[in-house]
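Structure 1 and structure 2 below are the same protein chain in two forms, each given by itself as structure tokens.
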Structure 1
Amino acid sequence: MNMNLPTVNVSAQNQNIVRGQRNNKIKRFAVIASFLSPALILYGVFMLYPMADAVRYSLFDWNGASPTMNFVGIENYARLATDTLFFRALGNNLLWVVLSLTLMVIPTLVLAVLISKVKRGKTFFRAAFYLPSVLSLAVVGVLWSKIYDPTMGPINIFLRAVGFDFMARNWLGEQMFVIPALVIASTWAFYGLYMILFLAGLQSIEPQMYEAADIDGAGPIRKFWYITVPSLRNTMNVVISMVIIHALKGFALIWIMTQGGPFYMSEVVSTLVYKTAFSMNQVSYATAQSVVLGIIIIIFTIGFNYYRERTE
């Protein structure tokens, strides 16, 4: 009996240690949960739930108003696979991405570098170039519609005035020009934002690097390519990601300026989704289109970030 006593004590001690460890784990979990739960709950309620619901809708046949929905499985996705208009819209989106990247990334970087070099009035230039970004897209749309007006628009008036009548175009009405014209308007509306990002990135580059390059006799172009551009790698990644995402899901400007027309020439997936849902009352099919667009955006973003990480 006495011989067993120490064993009992050891066992009790072990139990206490185990209990203590468990309590510590619970305590740690409670602390972690109390910190994470606000964000997780909000993220779940406002992001994950609507996304999951969108996927659910895409599996039904629903007009957006009817109290009943018919389950159709992947029928909406099968229809999408044969929808030439959807692929046309997707093609326009990709063209938009390419043009946006071309017109947005390097020009805004050059602009930011030029502004950073300005000795006087830097704030003025920064504010002036940023100004379009604070305008509502509705205003930008109306403004550029007038700029592109074939009769009274300043572009055509200028071209005619300098004798280049043959270059005056129906900018928003011709197949060749409608998407580029829209991209230019979009670029104008957003370049201030990207310029500010680049300016912030430029401020973080050590000036000693330029001084060292000066001593080595590097010219401005070499300094730009070998110091500025590599130093702004992270900023550029953010800008490129934002440009791609914006180009793939842009809606407002196109809707205001062309509504996807003429004759589907500026139709992008987001305008098609809107028409399908609200003009044609095919909410489920529109949701399937949105889901596919969402997946494409996710693939683009993940792919780009993967490439970026591998090349770093």
Structure 2
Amino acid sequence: MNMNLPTVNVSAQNQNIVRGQRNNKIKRFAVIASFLSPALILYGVFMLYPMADAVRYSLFDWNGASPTMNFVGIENYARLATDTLFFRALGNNLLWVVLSLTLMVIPTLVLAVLISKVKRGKTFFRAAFYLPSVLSLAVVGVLWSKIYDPTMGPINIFLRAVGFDFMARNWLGEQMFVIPALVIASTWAFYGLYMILFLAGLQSIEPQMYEAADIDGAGPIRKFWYITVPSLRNTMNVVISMVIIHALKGFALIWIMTQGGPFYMSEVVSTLVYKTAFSMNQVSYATAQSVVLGIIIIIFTIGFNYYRERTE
């Protein structure tokens, strides 16, 4: 019996150690849950629940006011697959993405680099270029509607004054120009925000890298392309993600300036969803459109972040 006593004590000690580790894990989980639970509850109530409810609505036939809803399954999605207007709106969204990336990412980066090299008045230039970002999109939409006015707009007045009357046109009324005109207004409204992000990223680049490049005789373009751009890869990834998401779900500026017109030339999915829900009283079908748009945005975001992590 005396020979078995140490074995019993060792076993009891192991059980106490395991029990203690389990209690520590429970305490650690309780602490983490206590910090995360407010955010998780808010996210669940205001994000996850509405998203799940939207999917549920898309499976019914409902006008938004009737007390009864008829279950139709995937009929709304089958109708969406043959809706040429939806695909036109989606095509306008993709065109908006391409133009936004072209006009925002590199031009805004170049502007941030130029401002970072200004010796005097740097704060003034930062505030001046950031000013459009503090304006509401309603103000931006009204302002640029006046700028694009075919009769009294300053663009056409300037073109006629310098003898280029043939270039003066209805910028928001012609198919070839309405989307680029809207994208330029959107770029003006948001480039200050992206410029601030690039300026913050530029401050993290070691000056010794530029000094070594100067010793090697590198010019401004080579330093920009081989030092600045690679060093700001993470910032560019954030900016590109924000530009794509904004371009896919943009609504306010288009609604204020054109409401998707003329003749659906500037229609995007978000404006089409609004018209379908509140003008045609087809809430369930509009919900199906918004669900598809949300899935596309999620796929874009996950795909881009996966590509970014693979290339880092």
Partner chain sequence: MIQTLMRRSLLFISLLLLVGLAACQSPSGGSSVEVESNEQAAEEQNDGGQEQEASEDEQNTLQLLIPNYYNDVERDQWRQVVDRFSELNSEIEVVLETGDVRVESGSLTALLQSEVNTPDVLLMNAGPSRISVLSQGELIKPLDDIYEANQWENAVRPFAYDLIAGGDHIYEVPHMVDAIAHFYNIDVFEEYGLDVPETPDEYIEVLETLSAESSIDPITVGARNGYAIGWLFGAMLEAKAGTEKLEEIFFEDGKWNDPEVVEVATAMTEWLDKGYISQDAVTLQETDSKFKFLNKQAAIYTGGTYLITDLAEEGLLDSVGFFMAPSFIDGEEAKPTGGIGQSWVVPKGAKNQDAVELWLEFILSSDYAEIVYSFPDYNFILASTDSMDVEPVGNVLRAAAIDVADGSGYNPSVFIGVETGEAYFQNLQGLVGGLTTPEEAMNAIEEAAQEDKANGFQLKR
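Please note that residue numbering is based on structure 1, beginning with 1 at the start of its sequence. Definition used throughout: the rigid core is the maximal C-alpha set that superposes within 1.5 Å between two forms. In this text the structure is predicted, and so the values were computed from the model without any measurement.
One chain, two forms displayed separately, with the form predicted alone being the second of them, structure 2. In the core-superposed comparison between the two structures, M47 has its Cα shifted by less than 2 Å.
With a cut-off of 2 Å and the rigid core superposed, I17 has a Cα displacement that reaches or exceeds the cut-off between the two structures. When two forms of a protein are overlaid on their rigid core, residues whose CA moves 2 Å or more are considered shifted, and A65 is not one of them between the two structures. Its Cα shifted by 3.3 Å, I26 is compared between the two structures on a rigid core fit.
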